[in-house]
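In structure tokens, one chain follows: the form predicted alone.
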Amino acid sequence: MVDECGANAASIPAEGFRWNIKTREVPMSVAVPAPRTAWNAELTRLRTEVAGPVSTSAEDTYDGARASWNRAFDLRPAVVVEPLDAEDVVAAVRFAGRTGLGVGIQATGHGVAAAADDALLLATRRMDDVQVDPVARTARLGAGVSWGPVLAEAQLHGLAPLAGSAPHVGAVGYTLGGGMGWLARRHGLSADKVHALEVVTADGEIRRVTADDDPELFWALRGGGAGSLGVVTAMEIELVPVSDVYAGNLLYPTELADEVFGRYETWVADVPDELTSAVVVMNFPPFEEVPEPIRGRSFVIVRGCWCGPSEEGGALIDYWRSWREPLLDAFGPMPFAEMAAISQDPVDPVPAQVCTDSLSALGPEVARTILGHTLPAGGPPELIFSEVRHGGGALARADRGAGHAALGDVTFLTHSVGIPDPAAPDRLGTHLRKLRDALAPHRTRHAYLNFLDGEDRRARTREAFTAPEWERLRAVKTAVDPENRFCFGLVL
């Protein structure tokens, strides 16, 4: 599959109108009109065909339309379309086909793979419809909806989506990347609960994709569809009967970090599937928004979510309380609607860089590596946190969507996040590479794509799939997007 995207839109008025994406040559059979006139005419046509806003760099709406939540990415698309419905998406994709532009897709911009520069960016945030059917225990979600409204509506009926740790993350993009949330060990990945997908493919057609109607595309999208196979305009998912959980955080001093990591590995070796948990090294920033007792301090944290009977969850967490009294005990019963309190991810946009690795075991050497690269060392810490999340349970079941078979070998998943220093923008990336190099002897081959972004996500796409999955996924890509119109997602 070619990895080359569409023509540089900035060059269209000067060098031509319709380009072949694979060769960047103007097809001989296409009459090339006056460049500037042709581009303006196509742009005018696009504005008449879509109901949602259309922005170029010449307009005041452009910066707001193109902005990603992760400010480390500064997208510079030729055109931004904010569709209101699937028909708008159809018109936009057909416009891209006529003008030779690659197509990027963004809901919230938490998980950017590649900046859709000089391309068409579909910013789906206005497609935010949520419809919950409490009898069928299903929900239909628009392309741009975040988990928060889905969670709120579902909880009114004692139901829950398999949302991520941050309710303001886009539901569709999260699900297409797999989706490992705080109910994962009991109920699986978010992608496991997809019943149907409404997709606009590169030919500008709307397809309803299910396991029965289009099994290969359905399989590929649920794990390999993050910006690479088409535009998912709506998603129908199953909800699970979860309303109250026993969840939260136990904060211990970093002096106990080695012991906490060791006890954690022993503890999770035989915990029930109802518990999804993590051990975290956290450096709280010295900001006024952070509560005073933890402001500017570092902790090792045991966090998680138990979705069984509350008294059983409390007994499970007493394993820790009976060992050492935590500096802060924020574990207890809560409505699952308040699940954001577990991870306490930032809501406001930030520039962030991340890395991830999968591990078959934790062990003292791995613990020392994570601690040594995360805790402050004579100055401000490079990372905000490093989390080690426990896998297994329902996550280990194979024969699901693309990339899920390899999860069976993943017992622990690391996730490290930092904010780059504007005065030394390359330093954080170097630090994250050193962390990965140090973990290399201990990791399995699987990459979890939702914990990656930017060039790392693209470079490591292959690591997310077994060899048979990879060949199968590439075959689907060739069938539905032979010209690689959707070239800003995974590299397939």
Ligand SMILES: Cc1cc2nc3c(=O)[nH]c(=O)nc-3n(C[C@H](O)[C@H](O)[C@H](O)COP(=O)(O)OP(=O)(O)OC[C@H]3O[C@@H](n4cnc5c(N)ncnc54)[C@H](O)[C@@H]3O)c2cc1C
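Note that residue numbering begins at 1 and tracks the sequence as displayed. Bear in mind the structure is a predicted one, so any value in this text is a computation, not a measurement.
FYI, the form predicted in complex with the named molecule isn't displayed, but the following is about it.
- At a distance threshold of 4.5 angstroms between non-hydrogen atoms, Gln106 is in contact with the named molecule in the predicted bound form.
- Heavy atoms of Asp345 reach within 4.5 Å of the named molecule in the predicted bound form, making it an interface residue.
- Among heavy atoms of Arg303, none comes within 4.5 Å of the named molecule in the predicted bound form.
- Of the heavy atoms in Ala166, some are within 4.5 Å of the named molecule in the predicted bound form.
- This chain lacks the partner; the member of Ala247, Val80, Val260, Ala143 within 4.5 angstroms of the named molecule in the predicted bound form by a non-hydrogen atom is Ala143.
- Residue-level contacts in the predicted bound form: of Leu151, Val90, Ala96, Val112, one residue has a heavy atom within 4.5 Å of the named molecule, and it is Val112.
- For the named molecule in the predicted bound form, the listed stretch (278-286, 322-330, 294-302, 218-226) containing residues with heavy atoms inside 4.5 Å is 218-226.
- Contacts to the named molecule in the predicted bound form (heavy atom within 4.5 Å) from stretch 467-492: Gly489 only.
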